[in-house]
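Listed next as structure tokens is one chain, alone, in the form predicted on its own.
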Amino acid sequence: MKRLIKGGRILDPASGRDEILDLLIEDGRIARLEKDMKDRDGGDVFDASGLAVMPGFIDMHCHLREPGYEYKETVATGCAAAVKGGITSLMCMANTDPVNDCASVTTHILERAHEAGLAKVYPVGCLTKGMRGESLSEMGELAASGCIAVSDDGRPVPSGEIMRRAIAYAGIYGLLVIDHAEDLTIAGDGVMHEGYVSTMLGLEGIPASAAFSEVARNIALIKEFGGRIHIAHVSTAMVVGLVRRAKAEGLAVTAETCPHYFTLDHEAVIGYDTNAKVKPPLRTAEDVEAIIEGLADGAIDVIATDHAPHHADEKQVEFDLAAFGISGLETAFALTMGLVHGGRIPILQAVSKWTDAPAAVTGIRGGSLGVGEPADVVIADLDAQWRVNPEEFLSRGRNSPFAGMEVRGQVTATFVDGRLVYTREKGITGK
């Protein structure tokens, strides 16, 4: 089957393209990019005049909740929310119930993704058995069943020796180690950033040094023993500095941040807004600035959602008792465009954080509009203004601190392997 996307602004960081071209899709792959192509074979034509045409986004960090927490999200609803947000590939974390520390759970997730027929799903397996931090998971089994990374995300690994061995064994099986950067001996029972806002609200805080301690330890392990590591959800200036120095030393360290960390600071919690309760927590305005600088200078490689949907009952409680997490798949693109419209990051660099950069970190095929690549394509109106309304989310999680915010930049259509799976007018268009 052929599809012709006509007259769009091609934004492809992998090739450096930023120009008006037609794009031909054939048999699920990108066949040609040229000016003024003619539809000689009667294929479908999508008029992209005035719109941006980009590689499908790759989200390195999300929580699809299935199995075990289907009341929060399912693989199907998460994938629907993803393609609405222009995300065509998802890496889902292992903190399900049961946790993903064996082939049967990985297979279940992949089967559900196949049934949904929307975004591509790449499971992340447990780094330790049961996510208990006591002994390594069966990494060979996880890799063979379809996992592409390991992480105990949500539960940092307390033992440096276990983390050292995890990095070594993961490398044998080609698995990326993703580090939840938090030292629980410092974080304790904190529920937000430790600072003047936590003092004013009477809430127990999480010092920024909790993240620094964990990341510094793991970078030291990489420096002494080799291997590679990816630092998840960077939220502090101190960690940005650590990663920047590690890269300058040539260490195999990569990092991600999330839209909420470059958009909001800890003042968003004022009023005890549980939708702004996330882990690691929202930090200071100075940390926000450091995150943006890290994105601009390349210290931070990737933007990921850390999509963490919750049922309303888990958020509509006292702040101390509320669950950590933000539902982020459907707002991520517009919030990223806020950096572009604010003049902080050029458009190709912003798109790169979602496309060729995560592809390079993970080895996922995609992130490019090159000929022969999978036809995972997102078409968007870069200037469309809209108001965030969680009641319109396709995700089951409506827990967003951005409710009511005016944003700019909206996905118009999403293709996965050449199939049109979402349009703004029709919603999910099916398999």
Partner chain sequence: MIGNNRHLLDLDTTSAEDIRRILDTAEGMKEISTRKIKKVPTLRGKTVVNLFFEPSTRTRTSFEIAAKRLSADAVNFTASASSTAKGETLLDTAKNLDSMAPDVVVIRHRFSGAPEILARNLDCSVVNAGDGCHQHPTQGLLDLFTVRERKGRLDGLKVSIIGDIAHSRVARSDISGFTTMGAEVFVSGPSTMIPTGIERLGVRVADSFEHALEGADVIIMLRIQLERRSGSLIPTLREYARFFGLNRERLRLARPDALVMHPGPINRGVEISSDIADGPESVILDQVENGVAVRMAVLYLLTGGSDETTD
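Positions refer to the first chain, counted from 1. All values reported here derive from a predicted model rather than from experimental measurement.
If you look for the form predicted in complex with the partner chain, you will not find it shown, but the lines that follow are about it.
With the partner chain left out of view, the stretch that reaches within 4.5 Å of it through heavy atoms in the model of the complex is, among 265 to 273, 356 to 364, 289 to 297, 69 to 77, 265 to 273. A heavy atom within 4.5 Å of the partner chain in the model of the complex is found for one listed residue only; from S135, Q316, T107, S159, this is Q316.
Taking a 4.5 Å heavy atom cutoff to the partner chain in the model of the complex, the contact residue among I347, C102, I148, L203 is L203. With a 4.5 Å cutoff on heavy atoms, T199 counts as touching the partner chain in the model of the complex. The partner chain in the model of the complex is not approached by E115, whose heavy atoms all lie more than 4.5 angstroms from it.
Using a 4.5 angstroms limit between non-hydrogen atoms, A168 is distant from the partner chain in the model of the complex.
Contact annotation: D301 falls outside 4.5 Å of the partner chain in the model of the complex, judged by heavy atom distances. In the model of the complex, the partner chain lies within 4.5 angstroms of at least one heavy atom of each of the following residues of 174 to 196: E194, G195, Y196, in sequence order.
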